[in-house]
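First, one chain by itself: the form predicted alone, in structure tokens.
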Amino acid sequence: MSGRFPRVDALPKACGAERFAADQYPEGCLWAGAFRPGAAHARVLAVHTAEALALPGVLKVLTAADVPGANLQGIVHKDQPVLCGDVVRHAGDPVALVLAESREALERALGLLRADLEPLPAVFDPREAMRPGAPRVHAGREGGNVLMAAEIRKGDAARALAACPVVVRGTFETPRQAPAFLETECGVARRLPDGVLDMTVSTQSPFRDRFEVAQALGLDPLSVRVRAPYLGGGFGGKDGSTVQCLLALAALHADGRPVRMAWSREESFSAGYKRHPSILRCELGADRDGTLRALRCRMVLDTGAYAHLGGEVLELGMEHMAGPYRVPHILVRGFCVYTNNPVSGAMRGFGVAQATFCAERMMDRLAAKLGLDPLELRLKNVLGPGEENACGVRLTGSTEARACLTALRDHPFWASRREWAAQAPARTRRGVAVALAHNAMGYGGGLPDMAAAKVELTEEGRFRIYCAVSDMGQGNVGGHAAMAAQALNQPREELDIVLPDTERCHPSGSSAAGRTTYTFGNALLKACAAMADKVRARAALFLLCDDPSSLVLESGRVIWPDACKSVSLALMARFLPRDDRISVAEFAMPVAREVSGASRGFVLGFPHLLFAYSAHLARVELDELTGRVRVADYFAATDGGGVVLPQGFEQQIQGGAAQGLGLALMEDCASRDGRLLTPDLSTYLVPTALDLPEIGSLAVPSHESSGPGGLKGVGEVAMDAPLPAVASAVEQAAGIRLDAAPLTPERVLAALRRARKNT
């Protein structure tokens, strides 16, 4: 199935012909925008709308009193108001929604709105928020500010640690990271004459959006239609309601006119979802030969003012806390905590990036204490096929973590590390290090992870593929087109592609969790196989052939080679009713049914059965004068199963590694008293091409027998290893430990000064 060919979306995107949600400007559309007073925690006493309403071109100013339904949104926990009526809990909370005839009128109206607010005590540190007597983010909530507390226990970690001859300890912190996608949160919506709310939104989960909007606004879910064109990036930041409920509310008050809402970059930073900041404390024990024996960890996540997917991020992080290693005794405790900070949520790596930083740095610390080669220590403890992971799940799928590590061990960058470091220019130090990551695929136990695919033979005799999962830029539509083309033996340019549309496609879950191509691809292959069988069977009637299996489906026709006869798909299609020209199939992600050990506090998303693996190698240079860390070379070896589209695979790995390097070196949505200190892209730095090295990618030979074309999901795993790899390389270079990311020049220089002072 694999091969190098252009992505189906490449040319229209390059030409600007592809229309994203941000490109939608329906004729006569209104503009909607939210008024966010900017207080971190306050009681709303009044919202003054008269002055804004008096402006020419302003149609409506809506407040919480105008919101029908529950006025609450949230994927798992419905705790986030569409418009706040009583209390604002973070600086990005909205209290009013404006509908205006033009962008200019909207901006003027937003500038005239005022709110009377009574400040409330606030809390911004999750550790402070957990203490008795801390200000409550959600008053009266059982459990206080702790959204979720969970525990994974296997064996007896305390006793095993006490018996270990070698124990290392560490505390690590990771920052809040913004998705920083190209296309900010946006969409258009219109209430049609028949009552249907028609929405086109930049979203990773159009099918779930229907229920989010309907629940929040008291609508029938079937009265909400959501279309999801290609996204200009998502990374998890569009997995959940952003503009959806506000946009729908605006459309309900627009008298049938279309409404457009597009957040500015500053609004995206203020109100959008970000990666959870984390604090991790860990003890790792081993025998003197490096055999791992026990792990004890505590993970605290700052979920901000609302739950969003905080509990589920915590669960996945805890599940990955031991890394892809053989650890017989573990105790992992996790806490996801409300604060009055901006809302945290899903983001590529989904808790695993935080956990991997801790797990891999602990492995390096252990290797240093034992005087062992860090790569060999990993090889000694890495999990293989059929083994039980630290959470008690037996690995029955493709498990080629060892092959990933071996690829690094054999790589010239690793073999020449000492010579390369010794050749560092003046005032420069060099270091080389590795990190290993694993990342689960799918939603995990506790909820169905299903996709349903539809294939249609059109009246014109072409095949139409209904892609029901969003493509946020990762290229899954191209992968699905390649799968369908091969399964139906058609040129890909002859396939018609329908992007996600809740009216035309079948529910298939979100584009997230490394599940998109795997889950929908499996469903699609089943649908294509059924369609091919059906087409051959119907063609047999035309060709008077009593053995459909002797017929061959090829481009635009079905042939009977033995009789030198054929019939065109177009002719057949005209004779068949539409419901006979459609094939639908579904697939459910397998999950682990039996787990040894104990866990408590988990509701959704634990445990997982399938994992992708990736080993990364970083060569870094540290400037002693400026503290700047430059990644000179980078290489990633990945077990993602079979490869359908080599370019897509490489792009996922390179993109994930680039985003991980941003987390390692510069990205930090810093805040003070709940307000962002980096409110835009002039202050929040993301790596550009000038900041990144060439990122080499190797797909290690692998085959996941349950995957379409043998593939696994690789959307997430490349994100997890860059931070620990770079941090370890910096330690190799300069002998300094940096346990808080990002590794900014200021942090590096401070660590260098401390090191010089102590010598």
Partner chain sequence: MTIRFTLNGRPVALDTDPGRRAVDILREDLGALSVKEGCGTGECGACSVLLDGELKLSCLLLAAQLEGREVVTCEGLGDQDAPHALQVAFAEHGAVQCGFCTPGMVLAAESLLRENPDPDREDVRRGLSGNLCRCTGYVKIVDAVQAAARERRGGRRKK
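Quick caveat, the model's predicted, so the values are computed rather than measured. Residue numbers count along the first chain shown, from 1.
This protein has a second form, the form predicted in complex with the partner chain, left out of what is shown; the following refers to that one.
The stretch in contact with the partner chain in the predicted complex, judged by heavy atoms within 4.5 Å, is 173-181, chosen from 564-572, 173-181, 611-619, 635-643. The candidate spot formed by P412, Q423 and A426 lies out of contact with the partner chain in the predicted complex, as no residue has a heavy atom within 4.5 Å of it. Taking a 4.5 Å heavy atom cutoff to the partner chain in the predicted complex, the contact residue among T626, T688, S549, S555 is T688. Of the residues K380, R281, R103, R504, just one reaches the partner chain in the predicted complex with a heavy atom at 4.5 Å or closer; this is R103. Under a 4.5 angstroms non-hydrogen atom cutoff, the partner chain in the predicted complex lacks V224 among its neighbouring residues.
The partner chain in the predicted complex is not approached by E27, whose heavy atoms all lie more than 4.5 angstroms from it. Put simply, A115 is far from the partner chain in the predicted complex: not one heavy atom of it is within 4.5 Å. The closest heavy atom approach of A10 to the partner chain in the predicted complex falls within 4.5 Å. Annotation for 11-33: interface residues with the partner chain in the predicted complex are L11, P12, K13, A14, C15, G16, A17, E18, R19, F20, A22, D23, Y25, W31 [heavy atom within 4.5 Å].
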